[in-house]
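Just the one chain here, the form predicted alone, laid out as structure tokens.
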């Protein structure tokens, strides 16, 4: 039986407080009917025997003491069906693409269920993004959560679109099944501008990526409260497609900073004691509830892989949002302001970037036998070239040895040829590793101390140092 009250006592930002005569369930869905007949949806955020705090998804404008509050006795559910692929939904899960209403096969609570640690399968299979700096140096594997750390004004959205457009599971490509039937992208946008939303949709529609995607759009002028449910709706959809329909699902969430700002706004409205820099003390737990929904389950063919994108305020990676994200996730990809100013696309800085699961997702039978060695050698050579750039600023390039100058040239070419590829170029893992060998051929053979001798012999003519194809 639905309970209805006309007992609103206070409205504070996105929150409505109402008196009740019996306890109401936490997270219960609420309908608020305004004086002019409009109905707003909300969710119980706090419940006592005397009052409830309700966060209103569509904003509190127009709600007053005469508005009625109706408790529906259920939590927020996501309507789920395989036909969601190709659809564009609002941040609260309603269709906004002019298509038909969703006819669900089932409905599930958006809070999801934690994956039993005993049932988790260790992520080991390679996902090809077509981006060399990720595939070659910080490999993404199925079931991983690998965030992108960016800054205000940097092209992280272009990188997100490139990954959404190009990401594939290589072994599925080789089979008879159509790639689109095996791989799906869930794109959750939170707090983006209308201009960014138009760019996203233009790209999805022009490239055909929308056919294998479900897009959730929460705009900057939408209520902040809606931002807190958007990623949960996206992840609930991803879990359904992965573990019921056997899709390999890549979930891209942008921008997690806007999500955390919404948490701070709601916390301030509730007059909670703030934590670091005004963010709620429970933000770590809240983020973990989202990130930990990535993974693989033993006995299930599907997987959920996450790429959350966040903009670091002031480019500060010690800020609470990237700091806490780094604790929970399995690495990070850095988008660099200096590389962006040089026109490098995508401006991915590999030195501080890391994929903690990379070693288990590469090698013979997964990518290529030489992947780990080539990656390690390029990383070491680029790091040395970066150090030498600092020395050049002091003593000048003429003071360096021939060896040091080769490392400087390598660092320059690594950025302009390997990292730089444009947002429209899709490189296979073979093209990425072959390009790595080509760059490493600039260095003396004796400097390649991180690559197995047998791999070097297969690639190099010993007396000339020229790269050749390995014999069959």
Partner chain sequence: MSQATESDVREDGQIESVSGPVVTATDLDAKMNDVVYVGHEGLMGEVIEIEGNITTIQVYEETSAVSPGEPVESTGAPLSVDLGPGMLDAIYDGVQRPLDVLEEKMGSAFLDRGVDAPGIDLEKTWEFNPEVEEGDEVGPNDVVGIVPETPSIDHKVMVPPDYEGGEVVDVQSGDYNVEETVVELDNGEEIQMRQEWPVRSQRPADEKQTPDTPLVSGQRILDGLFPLAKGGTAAIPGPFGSGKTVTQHQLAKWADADIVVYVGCGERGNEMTEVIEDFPELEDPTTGNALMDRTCLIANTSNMPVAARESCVYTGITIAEYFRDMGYDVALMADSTSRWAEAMREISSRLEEMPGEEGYPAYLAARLSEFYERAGYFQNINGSEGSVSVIGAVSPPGGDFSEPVTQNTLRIVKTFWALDADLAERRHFPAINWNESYSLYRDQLDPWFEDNVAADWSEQRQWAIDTLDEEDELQEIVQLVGKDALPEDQQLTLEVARYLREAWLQQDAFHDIDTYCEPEKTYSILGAIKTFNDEAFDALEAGVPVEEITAVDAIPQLNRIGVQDEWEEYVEELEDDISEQIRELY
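Rigid core (definition): largest C-alpha set, two forms, superposition within 1.5 Å. Computed from a prediction, not measured in an experiment: that's the story for all the values here. Positions refer to the first chain, counted from 1.
We do not show the form predicted in complex with the partner chain, though everything after this point is about it.
- Taking 157, 289, 257, 81 one by one, only a single residue has any non-hydrogen atom within 4.5 Å of the partner chain in the predicted bound form, and it is 289.
- Contact with the partner chain in the predicted bound form, defined as a heavy atom within 4.5 Å, holds for exactly one of 263, 219, 354, 339, namely 354.
- Contact annotation for the candidate site: 70, 361 and 434 all lie away from the partner chain in the predicted bound form (no heavy atom within 4.5 Å).
- Looking at residue 187, you'd find every heavy atom of it more than 4.5 angstroms from the partner chain in the predicted bound form.
- In the predicted bound form, the partner chain sits beyond 4.5 Å of every heavy atom of residue 9.
- At a distance threshold of 4.5 angstroms between non-hydrogen atoms, residue 305 is out of contact with the partner chain in the predicted bound form.
- The closest non-hydrogen atom of residue 247 lies beyond 4.5 Å of the partner chain in the predicted bound form.
- Comment: 42-50 is the region of 42-50, 55-63, 434-442, 414-422 lying near the partner chain in the predicted bound form, near meaning a non-hydrogen atom within 4.5 Å.
- Residues of 387-420 that come within 4.5 Å of the partner chain in the predicted bound form, judged by any heavy atom, are 387, 391, 394, 395, 399, 400, 401, 403 in sequence order.
- Once both forms are fitted on their rigid core, the CA atom of residue 449 lies 2 Å or more apart between the shown form and the other one.
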